[in-house]
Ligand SMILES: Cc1cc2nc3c(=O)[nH]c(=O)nc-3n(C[C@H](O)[C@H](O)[C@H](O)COP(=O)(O)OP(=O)(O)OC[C@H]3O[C@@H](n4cnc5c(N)ncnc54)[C@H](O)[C@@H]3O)c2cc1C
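Before any questions on binding or motion, here is one chain by itself as structure tokens, the form predicted on its own.
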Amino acid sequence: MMKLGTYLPLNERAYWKDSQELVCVMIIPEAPDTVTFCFKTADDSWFLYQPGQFISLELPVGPQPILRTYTLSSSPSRPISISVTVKAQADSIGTRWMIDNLKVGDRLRAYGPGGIFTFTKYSADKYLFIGAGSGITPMMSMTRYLFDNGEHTDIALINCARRPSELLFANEMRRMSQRVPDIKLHFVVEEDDPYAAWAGYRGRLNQLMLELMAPDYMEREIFCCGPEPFMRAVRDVLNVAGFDMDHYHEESFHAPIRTEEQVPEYDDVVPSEEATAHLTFALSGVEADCRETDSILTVAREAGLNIPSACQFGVCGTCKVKKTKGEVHMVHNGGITDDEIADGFVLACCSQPIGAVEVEV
């Protein structure tokens, strides 16, 4: 039994394996509805795992316990304890119970560790870690490990959140980046906090931001974790740039990957040079055949039509047109809102037709 004030060297301890009782020893509020829970083992053993892996906790919620899986935010380079950083969503059950009920001294049964989302499987000279919201937790585990390892691995770390107050681990990340110049740190928020100034990147992560933050991202091993729409947007940027997706790895909030066989096949739309498309400019009565890789703006110009445009990077929104039929692949950089997209508008400069498409031009 673990006793306070007992500090055994690692060589006198066993290591935690498979299933064991954990004791909550520390609770750290991180952000609204987000808490880090730190655990030690009840028998004073130490933790052996890979940075980026997860554990499953048995939570006494309701008449029957439930199992919930959480990525470890701690690093195996600090093996005496482990931590999970959890964020409660509107429909959370297990996480909500932890935040509202779990106290220092409480015990939970844990299973693991598991998962293959770890940089240790993919040796590289340069890494790019991208996390959104609580999806930053495996990136924090991997960054902490590389920082402790002291080999000056080149890391570009991008932490995204809705507001500055929701950027998890921001202060610790800044301290690591200040001490190790090879850790290049960037923050992206969608909106400001009330009464607080923000001088960093604002908006949703896009191709222009990525090129500014990690100009050599095409040469990096990339790890990404966050909500599925966020990860899909990252994949879109990489696909458009021609990134070799064999060097892209992601972890899902809802379906942690335990084995190589569980790695999903992405069903992202990737326009093909060989595939043909057909554009109808309804107001002008002009039709044109093209390739899926051609933008609506390019096809319009070749057909002698004028769609007002400026930046041609999906930023300014000048080339916004209404799509009335068909599907397009659009990777923009903030020049259009979600409401406008829902109403059928697209940006001609960065929208590529998939099959037959009609626009009001």
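Just count from 1 along the sequence shown to find any residue number. These figures come from a predicted structure and were not determined experimentally. Here, rigid core means the biggest group of C-alpha atoms that superpose within 1.5 Å across both forms.
Keep in mind the form predicted in complex with this ligand is missing from the figure; the text below concerns it.
When this ligand is superposed onto this form from its pose in the predicted bound form, 3 or more of its atoms lie within 2.4 Å of a backbone or C-beta atom, and the site is blocked.
Although the partner is absent here, residue 305 lies well away from this ligand in the predicted bound form, with no heavy atom inside 4.5 Å. Proximity of residue 26 to this ligand in the predicted bound form falls outside the 4.5 Å heavy atom cutoff. In the predicted bound form, this ligand stays beyond 4.5 Å of every heavy atom belonging to residue 41. Put simply, residue 235 is far from this ligand in the predicted bound form: not one heavy atom of it is within 4.5 Å. For a residue to qualify, one of its non-hydrogen atoms must sit within 4.5 Å of this ligand in the predicted bound form; none of 36, 126 and 243 qualifies. Scanning 289, 91, 273, 100 against this ligand in the predicted bound form with a 4.5 Å heavy atom cut-off leaves one residue, 91. Interface residue among 277, 157, 86, 222, judged by heavy atoms within 4.5 Å of this ligand in the predicted bound form: 86. Proximity to this ligand in the predicted bound form, taken as heavy atoms within 4.5 Å, picks out 134 to 142 from the listed stretches 207 to 215, 103 to 111, 134 to 142, 180 to 188. Taking this ligand as positioned in the predicted bound form, the residues of 63 to 81 that bring a heavy atom within 4.5 Å of it are, in sequence order, 68, 69, 70, 71. After superposition on the rigid core, the Cα atom of residue 69 is displaced by less than 2 Å between the shown form and the other one. Pairwise change in the predicted bound form: residue 314 and residue 247 C-alpha atoms lie closer than in the shown form, at least 3 Å. Relative to this conformation, a decrease of 3 Å or more in the Cα-Cα distance between residue 334 and residue 223 is found in the predicted bound form.
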